[in-house]
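The data below hold one chain only, encoded as structure tokens and taken in the form predicted on its own.
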């Protein structure tokens, strides 16, 4: 009889430990690229998520329970994103997932989350395809439908008539490429060449030779990570391409320190963000004190906001994902580290963008 009781007790303990909620903790999942080229994002976002979780727990947690984040390495691609989601949902039994950082991993996980009625809240995925990824899919980062449009309009307004595009073969990069190409043409410009490369490639000389031969006025660079962005800029300079360069300003931030003068005059586009804001400044200061340099101020702030939004929703509605979903849809003008947070009918963040230029090693706002 004692053996039977002991076995029952062991089973109960195991079931409790696998559940998203235990007696003392409430667990959420996080899928981030913790290895590979995009790990620069994942590592920084994980640190920020832990800062937010620690603050929440120090303030009493969620209805008296400690917030615990279970991390999975989604490696910035759809396959590993799907694997991470399967594990977090079916093994860890979480009802909310923070991530992914990349569009590919987010899109790979979205059908699984949607089928299981699990919330995904990404701090940085930006592919336009995420807009229609599902009713439980949200992001504290605006769609590339806005970023690509701003970049193309800026290029056209500068009088450029011929553009070349070089992009990585990822969901994020292809989304930006599609929008830029469409809007630049609608603005009266011509896209004279489009080149792509796989995430495994690091030698782009063949593609860049074709771009040089096309003689564009402007080249739109769409790498998935700062590592590839740095390689592209170096090899463009080596190839003698003298066209105006335009890219995501958040990518620029990741390579400013290493490339310095090679980036002079490069134009970047990113969400309009005040790092000295009342919520962002203390968080970024705390990060710097603990880890040193901040690379992705906006994305870090979006991660911080995402953790707080999740905790807020769990506090109000427990693990009822449908009520959390409805709550997220209702958020309009909520103060956050990124500024005011408003989700539209598709769970996308509504936000303005800024255009910047590298001058003397610093990004200077143009508009």
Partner chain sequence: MSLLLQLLLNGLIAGSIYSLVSSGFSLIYQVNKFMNFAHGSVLALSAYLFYSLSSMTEFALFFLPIIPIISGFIGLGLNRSIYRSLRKGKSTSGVLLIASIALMILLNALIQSIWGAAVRIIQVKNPIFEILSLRITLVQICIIVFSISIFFILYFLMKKTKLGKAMRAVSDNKEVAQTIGINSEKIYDYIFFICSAIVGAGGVLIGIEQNLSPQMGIALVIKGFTGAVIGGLSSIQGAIAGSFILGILENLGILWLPSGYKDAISFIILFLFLLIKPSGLFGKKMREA
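Everything numeric here is computed off the predicted structure, so don't read it as measured data. Positions refer to the first chain, counted from 1.
Below: the form predicted in complex with the partner chain, not depicted.
Participant: So in the model of the complex, is the partner chain close enough to residue 315 to count as touching (4.5 Å, heavy atoms)?
Facilitator: Residue-level check for residue 315: no, no contact with the partner chain.
Participant: Is residue 266 close enough to touch the partner chain in the model of the complex, meaning at least one heavy atom pair within 4.5 Å?
Facilitator: No.
Participant: Can any non-hydrogen atom of residue 178 be found within 4.5 angstroms of the partner chain in the model of the complex?
Facilitator: No, residue 178 is distant from the partner.
Participant: Any of the heavy atoms of residue 240 lying within 4.5 Å of the partner chain in the model of the complex?
Facilitator: Contact check for residue 240: yes, within 4.5 Å of the partner chain in the model of the complex.
Participant: Hey, with the partner chain in the model of the complex, do 182, 187 and 342 all fall inside the 4.5 Å heavy atom range?
Facilitator: Verified in the model of the complex; spot residues all out of contact, no.
Participant: Please determine, with the chain shown alone, which of 94-102, 131-139, 252-260, 281-289 has non-hydrogen atoms within 4.5 Å of the partner chain in the model of the complex.
Facilitator: The contacting stretch here is 252-260.
Participant: In the model of the complex, which of the listed residues (215, 244, 90, 196) lies with a heavy atom within 4.5 Å of the partner chain?
Facilitator: It is 196 that has a heavy atom within 4.5 Å of the partner.
Participant: Out of 51, 34, 67, 321, which one falls within 4.5 Å of the partner chain in the model of the complex, going by heavy atoms?
Facilitator: It is 34.
Participant: Heavy atoms within 4.5 Å of the partner chain in the model of the complex is the criterion; list the residues of 65-79 that meet it.
Facilitator: Not one residue comes within 4.5 Å of the partner.
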